[in-house]
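Given next, in structure tokens, is a single chain: the form predicted on its own.
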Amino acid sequence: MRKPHILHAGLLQTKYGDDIEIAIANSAAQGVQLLVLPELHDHHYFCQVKDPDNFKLATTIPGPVTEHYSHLAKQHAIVLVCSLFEKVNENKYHNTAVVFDTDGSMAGQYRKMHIPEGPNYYEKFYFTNGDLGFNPIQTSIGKIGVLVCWDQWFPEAARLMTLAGAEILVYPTAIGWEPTDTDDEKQRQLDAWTIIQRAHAIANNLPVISCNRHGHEKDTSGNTAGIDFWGNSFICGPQGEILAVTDDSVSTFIHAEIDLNRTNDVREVWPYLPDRRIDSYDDLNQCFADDK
């Protein structure tokens, strides 16, 4: 058993309109080293409708918004994971996570690779597919494999981050129920969401931080009943064990001590990575069985 390498990690589960700056200060005061914010935390979830005016919400990177969060990261000496609507130019926009190191420097960014499209989640209208690949971001506390929301349903994304050297997987998220869903359907969706991310932890022997927003947000077009973002943010260890979790109804900070050396300890017992049959995985390069 190796000597523990403890990371004090936390997340902020927020609803639209919360004072993020105060929440960051309060979290940092509790000694957190890594703090994760939800997906697109600075805005209402505008992707419920297709409205060209919403492109005005986008920000350049670097720019005034990144300067603001850079200052907060440096002020509180934390590694801070933010989620922004990035404007590259008039024809190219991304759903982008930006990681700031403890000195305020921008350690790196990740552009959401998997973009959903459907009622209440018209993200393809706003976001171009990510073009930075699955590359962990090196920080003073380790390599962070940042993925965003819809990415969390794809085991390939978690695996590629792992193979590139990620020491922890982080998912800023905005996901919820339709208010008209039955209680049974809501539970099935929540269970699926939690299970698949815990499975990424298990399959890759990595801790996972999943940070969701919460609260009801209206569909401004009036075409649907909106979204009840279901919160339930959590932190789990490399065997999928829950280290900290919250429910669906509160803005809160949760945190946990994560022993990063447990990854190697667990891999000695469950050596998934070296036991893979990479010589037989060519068919993973297709979407459906009839693509051959």
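All values derive from a computational prediction rather than experimental measurement. Each residue number is its position in the shown sequence, starting from 1.
The same protein also exists as the form predicted together with another copy of the chain; that form is not shown, yet it is the one meant from here on.
Heavy atoms within 4.5 Å of another copy of the chain in the model of the complex are found in exactly one of 68 to 76, 162 to 170, 215 to 223, 101 to 109, that being 162 to 170. Across the proposed site, H44, L57 and D183 without exception lack any heavy atom within 4.5 Å of another copy of the chain in the model of the complex. For Y126, no non-hydrogen atom is located within 4.5 Å of another copy of the chain in the model of the complex, even though that partner is not displayed.
Of the heavy atoms in I6, none are within 4.5 Å of another copy of the chain in the model of the complex. Interface membership of I20, defined by any non-hydrogen atom within 4.5 Å of another copy of the chain in the model of the complex, is ruled out. Interface residue remark: A25 is not counted as part of the site for another copy of the chain in the model of the complex, having no heavy atom within 4.5 Å. Applying a 4.5 Å heavy atom cutoff to another copy of the chain in the model of the complex picks out M113, H114, I115, P116, K124, N129, G130, F134, K143 from 109 to 147, in order along the sequence.
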